[in-house]
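Only one chain is shown below, in structure tokens, and it's the form predicted alone.
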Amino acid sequence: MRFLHTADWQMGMRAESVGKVADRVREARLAAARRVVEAARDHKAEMLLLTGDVFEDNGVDRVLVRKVGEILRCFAGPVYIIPGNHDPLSPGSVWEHPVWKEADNIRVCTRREPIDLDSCVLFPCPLREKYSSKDPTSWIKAHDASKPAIGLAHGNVEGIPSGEPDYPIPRDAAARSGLDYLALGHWHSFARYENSQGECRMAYSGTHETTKFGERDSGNALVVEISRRGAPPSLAPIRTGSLEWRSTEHSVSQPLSLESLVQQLSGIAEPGSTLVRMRLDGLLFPEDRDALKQLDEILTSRFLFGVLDATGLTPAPDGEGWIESLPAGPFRDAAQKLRALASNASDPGQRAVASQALLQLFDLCERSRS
């Protein structure tokens, strides 16, 4: 049998970190959902499994709920969904929307009980609250199943750091429960969990479209194939995301170092679907000030979203002309004090403010001369 495993669509996410392009990011998630359905069809999947957090929360716009339901109705086979900790099964939840009953192929799993199908047995683990310290898979007893046994769960696999009690799942949950495969949701990166024989019987599919900077190996769905009861599954990640989120950090220690960064940005393909966050630290030399402005302009104008964080840069203490180029008097005195503060202050935030103030002081002086 073959099916497609996906999770953490987070429909309705606010995407506040990307400002004015948040709507574009949300629309990309809907487009990625359509590609998930297309991938399931193209790979001849018998069913589609969504393992939680289809929505950002239970307060999302109900028109959006219907849009998602209509997308899933386009799949010719059955769709099985479990509520996650972002969209738990609670009074007034998104799962009370009529679209789920209108669609004959969609089943929202609301009970912890086996679902006996022709080719397999499903063991869904729907969540009813945002946080819990209980293992959602603890009820599963699939050792006596005569067909492939597949679990659907949403939670935090043992060993992954987490500051909240968010449904702990043992690393051997699949073997402990007698499952051939445990389809996981909650974490947005693709992750496999192999047993002592090197078999992977539980995995996170990751989110279908990357949600933020720093996510590793996201923007995928998983095609899972199981030949028979007891056989190890084969897992094939399928790319469904369209946005590329690039987060880079660079330390500057030599003059003219920023020119190479300008060239790197210029070489990025498909800037219209790329979001870039660049952070700089180290020393800013006088000859690099124009390149710094150019970096900022390219980031804000060429890409879907771009932001430059240069608060970690400190004007080079020995840079030719930094202080000497200023007129004698209050301007030069202020610059000397700011440079000393930028270099020696114990508070990093204070150093960053002093550095930016010094750069602005030079810019003001240059504009007054032109």
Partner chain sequence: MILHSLRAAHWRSILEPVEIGPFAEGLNVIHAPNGTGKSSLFEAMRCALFDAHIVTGKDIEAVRPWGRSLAPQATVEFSKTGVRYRIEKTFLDGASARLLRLEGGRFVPIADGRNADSMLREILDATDAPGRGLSKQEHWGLAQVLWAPQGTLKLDSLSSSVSESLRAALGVQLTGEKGTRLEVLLEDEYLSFFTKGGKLRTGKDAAPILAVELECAEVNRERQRLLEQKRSFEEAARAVEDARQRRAQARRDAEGLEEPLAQTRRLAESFQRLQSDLQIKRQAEQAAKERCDSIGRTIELIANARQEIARIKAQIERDEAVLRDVAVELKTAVERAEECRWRRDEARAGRDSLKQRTAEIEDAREFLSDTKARQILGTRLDKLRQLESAVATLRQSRARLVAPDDTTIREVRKHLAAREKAETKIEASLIRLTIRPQYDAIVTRKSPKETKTVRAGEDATFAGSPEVSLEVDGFGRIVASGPEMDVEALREEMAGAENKVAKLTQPYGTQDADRLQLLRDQAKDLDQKIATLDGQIEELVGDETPEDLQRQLAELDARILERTGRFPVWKNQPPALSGLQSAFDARSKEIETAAVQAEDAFEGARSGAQAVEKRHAETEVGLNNARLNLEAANRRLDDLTRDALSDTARREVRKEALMAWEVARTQAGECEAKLAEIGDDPGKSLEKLERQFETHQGAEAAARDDENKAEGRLQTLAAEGAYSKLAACDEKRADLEAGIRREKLRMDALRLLHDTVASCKAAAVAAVAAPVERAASRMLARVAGPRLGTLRLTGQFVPAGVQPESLAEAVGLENLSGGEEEQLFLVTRLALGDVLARDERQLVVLDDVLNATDTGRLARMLVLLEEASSRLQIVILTCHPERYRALEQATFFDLVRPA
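Positions refer to the first chain, counted from 1. Predicted, not measured: the structure shown is a model, and the values here were computed from it. So that the term is clear: the rigid core is the largest set of C-alpha atoms that superpose within 1.5 Å between two forms.
Not pictured, yet referred to below: the form predicted in complex with its partner chain.
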TODO: Report the residue, out of Ala31, Leu341, Ile323, Leu304, that has at least one non-hydrogen atom within 4.5 angstroms of its partner chain in the predicted complex.
DONE: Leu341
Open item on the list: Just to be sure I understand the contacts: of Glu27, Asp42, Asp333, Glu70, which is the one whose heavy atoms reach within 4.5 angstroms of its partner chain in the predicted complex?
Closed with: Asp333
Open item on the list: Contact with its partner chain in the predicted complex for Asn58, defined as at least one heavy atom pair within 4.5 Å: yes or no?
Closed with: yes
Open item on the list: Does any part of Glu225 reach within 4.5 Å of its partner chain in the predicted complex? Heavy atoms only, please.
Closed with: no
Task: Gly92 within 4.5 Å of its partner chain in the predicted complex, heavy atoms - done: yes
Open item on the list: Under a 4.5 Å heavy atom criterion, is Glu199 part of the interface with its partner chain in the predicted complex?
Closed with: no
Task: Contacts with its partner chain in the predicted complex, stretch 335 to 360 (heavy atom within 4.5 Å) - done: Lys337, Leu338, Leu341, Ala352, Val353, Ala354, Gln356, Ala357, Gln360
TODO: Compare the position of the CA of Ala352 between the shown form and the other one after a rigid core fit and state whether the shift reaches 2 Å.
DONE: yes
